[in-house]
Ligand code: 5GP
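Just one chain follows, in the form predicted on its own, and it is written as structure tokens.
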Amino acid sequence: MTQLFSKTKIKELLGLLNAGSNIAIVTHVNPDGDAIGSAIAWSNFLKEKGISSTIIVPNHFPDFLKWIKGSEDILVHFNQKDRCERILKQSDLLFCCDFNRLSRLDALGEFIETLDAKKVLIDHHIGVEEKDFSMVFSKVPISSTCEIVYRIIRQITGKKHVSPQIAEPLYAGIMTDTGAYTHSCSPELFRIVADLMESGISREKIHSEVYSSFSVNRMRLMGYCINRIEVLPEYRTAYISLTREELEKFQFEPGDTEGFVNIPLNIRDVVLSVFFTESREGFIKLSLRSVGEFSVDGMSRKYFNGGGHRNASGGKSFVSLDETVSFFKSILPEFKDELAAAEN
């Protein structure tokens, strides 16, 4: 297996681990499978080395990830602000999983900026804000942060197989971040997945826990969203928009809309899909997905205060939902030629 990072860098990481007595692990706002999986797997790896750590997330994560052993110990800053900040103040070393800049953590990120602890990034997103971190382990072409965590562990231990306690959250994170192995998949990734399965985990159980344990409300919300799809054939684009009132009608819980942005990409000749939702905080959240060479990262960075990957990105808008959708439509002519050329 190709080594992602130099021996010198891995040695420096080990030096930090040996020196750090209080370690915390943080992930981004609205943590997904890759964020939760990479944080738990890294925490379990540290535990196997005799090093304790605490995982802190900015806000709630989806129920369909709460089956992962160790998720019950995760602290939520939104609910436990004083406790989380006390732990972070005492930390010598902070691991930042699955985000490229501290602003992705909102209020938690603002607090972390004030800390003296060394901050180590483990990530795979475009546009890392290097000044936010003491050390960076980031490779953009890699499928997921979970894949990077696996490869760091392999470089440290030299062993092909990790323990089931590490393999299970890694498999879940890779599976969800690749859309159940539909994108960002290299031949090497499938060799890694085979290694994880050979650790003794149950692929069937993980798939069932993630994809076959949804609430009735989520399924009804999905049906509602399918009926809300708007198609713009001249731009090979489709979108869904939901108000806060519509979400609450279905008793929305964090994670209920996970993956919905991909649904319009099943429509023939659609290469760009956007999902607009009105957040509790008042801004409009955008999820963007594309196929082929069209970069939603570029669109999100230029117009929606966001970024991510070429084919998967996120953003925010601070005007109303209707205004945001109207603005989105107004910029599509700029991308018409690129959208027309994209393969699907």
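Please read all numbers here as calculations on a predicted model, not as lab measurements. One-based numbering along the sequence shown.
Below, we refer to the form predicted in complex with the named molecule, which is not included among the displayed structures.
Although the partner is absent here, Asn305 lies within 4.5 Å of the named molecule in the model of the complex, judged by heavy atoms. The named molecule in the model of the complex is approached by Arg104, whose closest heavy atom lies within 4.5 angstroms of it. Taking the partner from elsewhere, Arg151 is found to have every heavy atom lying beyond 4.5 Å of the named molecule in the model of the complex. Heavy atoms of Ser313 reach within 4.5 Å of the named molecule in the model of the complex, making it an interface residue. The contact with the named molecule in the model of the complex, taken as any heavy atom within 4.5 Å, belongs to Asn100 out of Ser91, Ser273, Thr176, Asn100.
Partner proximity in the model of the complex, defined as non-hydrogen atoms within 4.5 angstroms of the named molecule, places exactly one of 276-284, 39-47, 305-313, 52-60 at the interface: 305-313.
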